[in-house]
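First, one chain by itself in structure tokens, the form predicted alone.
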Amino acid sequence: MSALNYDDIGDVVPTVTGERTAAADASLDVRIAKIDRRQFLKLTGLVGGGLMLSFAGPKAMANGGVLQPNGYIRIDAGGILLYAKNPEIGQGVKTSLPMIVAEELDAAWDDVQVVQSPIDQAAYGAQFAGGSMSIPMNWTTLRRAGATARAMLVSAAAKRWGVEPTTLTTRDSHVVHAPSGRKLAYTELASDAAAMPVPAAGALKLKDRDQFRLLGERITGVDNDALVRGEPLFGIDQSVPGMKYAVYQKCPAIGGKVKSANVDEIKAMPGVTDAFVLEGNGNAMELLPGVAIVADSTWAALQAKRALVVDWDETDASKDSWTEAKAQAQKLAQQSGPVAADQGDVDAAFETAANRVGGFYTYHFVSHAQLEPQNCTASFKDGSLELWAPTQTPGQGIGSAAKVVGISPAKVTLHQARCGGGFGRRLYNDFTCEAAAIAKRAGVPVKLQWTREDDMAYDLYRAGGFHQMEGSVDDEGRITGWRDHFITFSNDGRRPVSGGNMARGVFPAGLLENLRIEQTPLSWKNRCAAWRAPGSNVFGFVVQSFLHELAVAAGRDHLEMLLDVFGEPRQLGPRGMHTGRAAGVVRLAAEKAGWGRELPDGRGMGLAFYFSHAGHIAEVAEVSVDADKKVRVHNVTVAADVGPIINLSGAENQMQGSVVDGLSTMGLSVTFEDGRVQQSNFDSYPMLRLPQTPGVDVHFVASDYPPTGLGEPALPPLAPAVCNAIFAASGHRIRTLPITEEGFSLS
């Protein structure tokens, strides 16, 4: 786990190399950055297993009355059951993945019941939610699964009626013989279809996009009714017989160990059944040292935690300081750094430039702040472990928990619970490891519950960073040179932390003749990890804001300059950005927002584009700024080219959610002093409130490219679009996130 940077699974970035990975299907317009086969297997928990999925699952006997040609479909006389394989974290895959199956199956959505599949990677392959990869990784697989069952149903009907299969059609969960007017429901054919041979994948005929009846429609989430009723879907809702409640106190500075604790006093408190020290397993991403408290109720456990007194050994603990890091970065910005990417002759371009611009950009660390605090229920009995966990990576959770308690992964069963938000935080299974270790030591099933303060103090943060930007333009206003000295963070002095590496060809690499990226790491102890649109979420702010700076310096309209940078339509490598698609969404967003129209004083528009997770997204923000530097974002127009839309309702929700999340983060920061996080709850980390949210107008380009995920790509353009609009409205250039650092606030 410690060797795996989850940023590498999540961020799909522009590239001119188009390198291949084990996780990417050859038909996908996507590159999963910097994952080799071994890393991918570690991520998904498939080490020692296989990634190839056999679609022909156990076939029922004809008299069983069940058609179950693969792990995604079960049809019998009672109805049609579809299995959703990946964790649901609010991104809508429990609805959208079965929709893909239902489309090729030609099942009426009202006839379908959807359930969460078991965690069984031998049957389903990789089961995880991250990197906006659920749709692109499963698109072809799920279509074939649905088409397989449809073909078997058609064969069964043809045999029953004594006609050729080519004379039959399917629609709304029925096989139809138009010449005779006969039709049979799938439920009536299930028993016969179960006896049919499973067709080879090459014999299947998948639908063309213009034949879709379900995909692209607005479909409500399959769990929505249950959510409204408050049914126990989430990890925090789980309960098992004989269960106790647990909390776990770790050192406020990462790396600290327990010297002593008043565990005897804690054990004597009302409702407390046990308290003990865990030494940790030496892996900060799995089990940190701490004190566990087990009690009859969450309340009793939390009360005991407040009374806990621990003497910490902080010899090897973090001493991280944001103040010191910023001062060090400002000094380093005046120097050259190690070159990570270099093309053309940047120095010569600067020397001959008509105009040259520079600026120092800063962005702070931020927290994932998912609504549901971390939790996991665990039971260790007779050498086996059972987990009920809201995790984004159940396979990795099984492997890590097994290692912590010293058993084989084969002896671990994990029940996938719905996640109350994730944004990348639940890719990491430290909370499942803690629950497993506590359950084994306590000898009873336990539900481990983190508090909001725990979530803030022991998050795996989005890394902060600093960029000394320099650029030049010629007499015609074209960009001639680009230099970015990126001062990032590193846990080992060599490799940047997750989300802190620009060496992979970040936009505008491949588009400018003269470009140089320098990258200098600062030493850092605290844990950093993937955060919604890792890397892109901050690089988009810097790059797209600085492009606007160059447009202003050149006296050019930002839209015009951005289109000029794209140039002629072309693909930047087999899996990289397509400049024609990029230009298309920029033009569409500008058109829908009314780019160029006259606005009143104190009001402005800002434009930004980014290519992230294989999605081409452009956004235009319209804002006003008053004399007190209060910023009101009135509207954000989003244009996206992400291939065919699966569920229009879910797609719009993801676009709108990314905009709101991105805007919220513009006012947030996590700071460190003496290794400790300075923010503890939402009073010191104030999330965006409903009255501050803008209108979000979403437009999709109809596209025949393979579909991409939508959980992340709309976030990166938001901050630069808003900051560019602030400049248009006020003349002030924002170079720091949060914007409160420059005296502005969201209203």
Partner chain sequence: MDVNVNGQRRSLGDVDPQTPLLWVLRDELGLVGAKFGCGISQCGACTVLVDGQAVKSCSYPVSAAGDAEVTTIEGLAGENGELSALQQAWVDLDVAQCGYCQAGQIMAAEALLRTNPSPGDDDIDQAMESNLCRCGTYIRIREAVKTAAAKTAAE
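All values derive from a computational prediction rather than experimental measurement. Residue numbers count along the first chain shown, from 1.
The form predicted together with the partner chain is left out here; the points below concern that form.
Although the partner is absent here, Asp704 sits far enough away that none of its heavy atoms falls within 4.5 Å of the partner chain in the predicted complex. For the chain shown alone, Trp450 is a contact residue for the partner chain in the predicted complex, at least one non-hydrogen atom being within 4.5 angstroms. Contact check for Ile236: a non-hydrogen atom falls within 4.5 Å of the partner chain in the predicted complex.
Within 4.5 Å of any heavy atom of the partner chain in the predicted complex lies no heavy atom of Gln544.
This chain lacks the partner; the member of Arg229, Arg597, Lys205, Arg494 within 4.5 angstroms of the partner chain in the predicted complex by a non-hydrogen atom is Arg229. In terms of contact with the partner chain in the predicted complex, the residue from Gly421, Gly71, Gly667, Pro644 that brings a heavy atom within 4.5 Å is Gly421. Just one listed stretch, out of 516-524, 370-378, 151-159, 165-173, contacts the partner chain in the predicted complex at the 4.5 Å heavy atom level, and that stretch is 370-378. Along 298-320, a non-hydrogen atom within 4.5 Å of the partner chain in the predicted complex is carried by Thr298, Trp299, Leu302, in order along the sequence.
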